[in-house]
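There is one chain below, alone, in structure tokens, taken in the form predicted on its own.
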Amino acid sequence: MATANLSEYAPGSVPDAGKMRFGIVVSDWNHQITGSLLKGAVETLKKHGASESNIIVKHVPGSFELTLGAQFLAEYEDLDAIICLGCVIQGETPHFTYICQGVTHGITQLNLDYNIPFIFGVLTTLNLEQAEERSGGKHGNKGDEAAVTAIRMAALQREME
């Protein structure tokens, strides 16, 4: 089990996001968790200089739909990075495995197919308590981590161009 605080990162390790545009696609399933992830991501982007007008948020029904929602953002908006936020909690059926594999593969494929970073901000937990701990609880907020990753990857791409 992870013991790191997802909201902690080294001072000075996050570039200025003032001239960057971000897309966030967020699952409405497990909305109490994904809403916290979204709040963390948006606050972290703004903390590092992104303006509200440069953060585009779109909602999809569930985590499985994150991939297509992210693809839509990539095709219809001029963005530096896209953050995918969702939460899949293991149940009694194999549904958890299929959804997690599909979303992971889909987001990985988007990274390979498009020339911008797609950030995996999907919690895959055994229970609601673990999800709460990682969406603003004792382990921080995966939304914060996803936002920092988006900024750093967008900056890396700009550096390489």
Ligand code: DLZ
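Start at 1 with the first residue shown and count on from there. All of these numbers come straight from a predicted model, not from anything done at the bench.
Below, we refer to the form predicted together with this ligand, which is not included among the displayed structures.
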Does the 4.5 Å heavy atom contact test between Cys87 and this ligand in the predicted bound form come out positive? yes
Using a 4.5 Å heavy atom cut-off, state whether Glu132 contacts this ligand in the predicted bound form. no
Test of understanding: in the predicted bound form, would Val42 fall inside 4.5 Å of this ligand by heavy atoms? no
In the predicted bound form, Asn30 touching this ligand (heavy atom, 4.5 Å): yes
Quick one: find which of 89 to 97, 47 to 55, 112 to 120, 132 to 140 has residues within 4.5 Å of this ligand in the predicted bound form by heavy atom distance. 89 to 97
Even though the chain is shown alone, can you say which residues of 34 to 72 have a heavy atom within 4.5 Å of this ligand in the predicted bound form? Pro61, Gly62, Ser63, Phe64, Glu65
